[in-house]
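Here we start with a single chain on its own, the form predicted on its own, put down as structure tokens.
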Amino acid sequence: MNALPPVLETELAELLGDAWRTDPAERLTYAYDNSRREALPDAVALPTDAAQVLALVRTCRRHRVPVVARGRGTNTTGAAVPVAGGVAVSFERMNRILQIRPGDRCAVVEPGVLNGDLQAALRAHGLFWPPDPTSAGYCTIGGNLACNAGGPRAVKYGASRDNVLALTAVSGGGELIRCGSATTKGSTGYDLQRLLVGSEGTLALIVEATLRLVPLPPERRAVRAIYRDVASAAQAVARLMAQPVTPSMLEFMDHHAVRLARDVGGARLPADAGALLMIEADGDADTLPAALAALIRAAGGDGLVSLDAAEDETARAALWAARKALSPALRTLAPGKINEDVVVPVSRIPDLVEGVQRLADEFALPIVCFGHAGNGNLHVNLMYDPADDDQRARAQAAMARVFALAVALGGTLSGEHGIGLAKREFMPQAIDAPTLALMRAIKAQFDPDGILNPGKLLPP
């Protein structure tokens, strides 16, 4: 049964018209995200402008009704699941690219714009927005900002937080706030736009974003380096990141990932491959050869089994085939997967992978590691059968130990997926009590009645 106060239903139905949905089938569509968690909202709102969002939040605050923002639900941590009911606010109708300003290298967009659609529009201007998560074709800019999404290009160009200039948002207190400016330099008060990025809709609902753009590199070249073991690959990562040329991508696959890509995915990889690095450089025709040569020199050294360089785009795509074959191949190990993205200092990658494999042996479950080596951000994929109660319990216990391992190695719980529900209880391991108290105080300032995405990010 719908638990909303009748007066709130009347007000929001008048405000939103057919963009106010209470039918159970409609509500179910917005009850889950890519974490496979599910909780039914009491209603769904599809606002079309900032004024509607402002009025909606003010109305919900008066009645103490939760408000949960969502993009396309690609998040894997349960951050968009309305666990406390209330109103799920989908920004799918706020999907306009308001401005593209090549001279200022910025774009102004609404939160429902798809990352892929923005990139397509920018391409005509010779520009791009650096965040490129796996779901770029169908995730939204608002969702990218909410979770500080990154992707392979983050090693050179930064994640979402590094590529936002200004935000307009509606706080939980029902105020329209404007943070930052459309300039790449500024020193005027607190850096609130960067605070909102990664806050998972717990502080404010973003209704407009001014994004920092980067010129598209004229050319890209890829190198695939195969090593006898993880330690050799990790030492190569350290060398690659220590020399002056920053790779535009630096991706890692452990020996389990390499075996899957070869034996199941059909990628052409040698039998003695113990780890793999995918390295890319970008730039113009004059500087790219020297940059690529520097990366190849750094990738060499003890433990290198083979190194293949792509001379053109076709060869580049062929080298990336091993990485693209991995995700489908994972499904052959088990029907269920816990995919968490812990991050450690680059020098501790061998310790992380070694520790994870010890946990795989201890809990008798396959665990596969791959990800963004240049940032120390690895995706730990724990495979299990959700229908098997014992496997499910072992999987949860193993992942808790993975989080503890990452923190012990000087890392933290997430590099780009965020916290949501999945990692909330582990926050005290990564953040000390005084800092958590300060975070709660910030939350209370932005959202005095606690209506924005309750139950997420901060532990009780």
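The shown structure was predicted, so the numbers you read here are calculated from the model rather than taken from an experiment. Quick note: we count residues from 1 along the sequence shown, nothing fancier.
Although not depicted, the form predicted together with another copy of the chain is the subject of the following passage.
This chain is displayed without another copy of the chain, yet in the predicted complex the stretch 234 to 242 from 258 to 266, 234 to 242, 221 to 229, 89 to 97 comes within 4.5 Å of it by heavy atoms.
Site annotation in the predicted complex: the residue of 34, 48, 412, 59 reaching within 4.5 Å of another copy of the chain with a heavy atom is 412. Of the residues given (211, 353, 273, 154), 154 alone sits with a heavy atom within 4.5 Å of another copy of the chain in the predicted complex.
For the candidate spot formed by 41, 117 and 312, no residue has a non-hydrogen atom within 4.5 angstroms of another copy of the chain in the predicted complex.
Using a 4.5 angstroms limit between non-hydrogen atoms, residue 445 touches another copy of the chain in the predicted complex. Another copy of the chain is not shown here, and in the predicted complex it never comes within 4.5 Å of any heavy atom of residue 323. When contacts are judged by a 4.5 Å heavy atom cut-off, residue 396 does not count as touching another copy of the chain in the predicted complex.
The closest heavy atom approach of residue 318 to another copy of the chain in the predicted complex falls outside 4.5 Å. Applying a 4.5 Å heavy atom cutoff to another copy of the chain in the predicted complex picks out 432, 434, 435, 438, 439, 441, 442, 443, 445, 446 from 432 to 455, in order along the sequence.
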